[in-house]
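Shown next as structure tokens: one chain only, the form predicted on its own.
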Amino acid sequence: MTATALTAGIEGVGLWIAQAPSWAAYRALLAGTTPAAETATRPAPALLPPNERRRAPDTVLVALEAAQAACADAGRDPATLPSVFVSTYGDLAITEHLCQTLATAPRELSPTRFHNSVHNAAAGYWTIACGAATPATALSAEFAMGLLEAMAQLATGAPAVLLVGYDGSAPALLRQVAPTDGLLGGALVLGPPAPGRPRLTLSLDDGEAPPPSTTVAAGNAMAPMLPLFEALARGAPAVVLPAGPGRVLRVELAHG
């Protein structure tokens, strides 16, 4: 039996890091031309009304900011796209708060915090905000697993898929078992290969991916996705992403 190569075109890219709060700012950062003003402390996705932006956790905000930017870059209506949201840990600050409340005063558990603690919170905010009735998938995994899921959906008939990877900071106690720092979100809109559009092809292999050499978001659990974004920005031909113990996802890139 011959394995079918998973190939897709990259229609749109979105990225948010405090040091580079847009895809354009990230490319400028790599080129060493980032203006001093191109930094941010908290994403503010315009898709959410102001009251929702105030209540939503930072992990939701960064996921939606990147997702919205990727859809705009692709010229796609967000409501028409199936989506895959992948996060290693979800929102650890809320998880720790819920655990502490359950241990000390369980009757004071906040329904709003519980609502925001579920791993598909970002996917839920996204589909409600953009009015999408398309399938939304939420994974607790590495970015490579989300990329494989999105590519599998394309291979089985989806016309295009939105993929979003994100993670936030761990608070004091959970940091001991789930270390992650800062806020990072990246998104791709994947569609059929087309002339003039970057194209990627995947293959799984044995091996260990090198640690990301990025100087931004280095402690974030989703930072291993950044080599793919850097390869796209620099026009590199290939990149290797971690895909579980002893496994790697090789991503061959063709740029237009």
Partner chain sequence: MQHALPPSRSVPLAITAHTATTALGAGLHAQREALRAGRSGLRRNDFGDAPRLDCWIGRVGGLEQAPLPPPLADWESRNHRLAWMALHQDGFIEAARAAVARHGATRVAVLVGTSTSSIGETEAAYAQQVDGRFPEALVRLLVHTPHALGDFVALATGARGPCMTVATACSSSAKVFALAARMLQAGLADAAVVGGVDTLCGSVLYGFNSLQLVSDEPCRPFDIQRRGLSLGEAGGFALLERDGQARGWLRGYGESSDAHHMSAPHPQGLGARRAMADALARAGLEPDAVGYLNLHGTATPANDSVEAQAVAAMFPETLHASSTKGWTGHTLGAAGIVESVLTLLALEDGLLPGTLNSRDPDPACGPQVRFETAQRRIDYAMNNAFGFGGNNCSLVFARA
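Remember, predicted model here, so these are calculated numbers, not experimental data. Numbering follows the first chain given and starts at 1.
If you look for the form predicted together with the partner chain, you will not find it shown, but the lines that follow are about it.
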Candidate site Asn220, Leu226 and Ala236: all three near the partner chain in the model of the complex by heavy atom within 4.5 Å: no
Contact of Ala72 with the partner chain in the model of the complex (heavy atom, 4.5 Å) = no
Check: Is there a non-hydrogen atom of Leu183 within 4.5 angstroms of a non-hydrogen atom of the partner chain in the model of the complex?
Finding: no
Would Leu6 count as a contact of the partner chain in the model of the complex, using a 4.5 angstroms cut-off between non-hydrogen atoms? yes
Please run the contact check for Leu29 against the partner chain in the model of the complex: heavy atoms, 4.5 angstroms, yes or no? no
Near the partner chain in the model of the complex, with a heavy atom at 4.5 Å or closer, the residues from 94-127 are Thr95, Glu96, Leu98, Cys99, Gln100, Leu102, Ala103, Pro106, Arg107, Leu109, Ser110, Pro111, Phe114, His115, Val118, His119, Asn120, Ala121, Gly124, Tyr125, Thr127
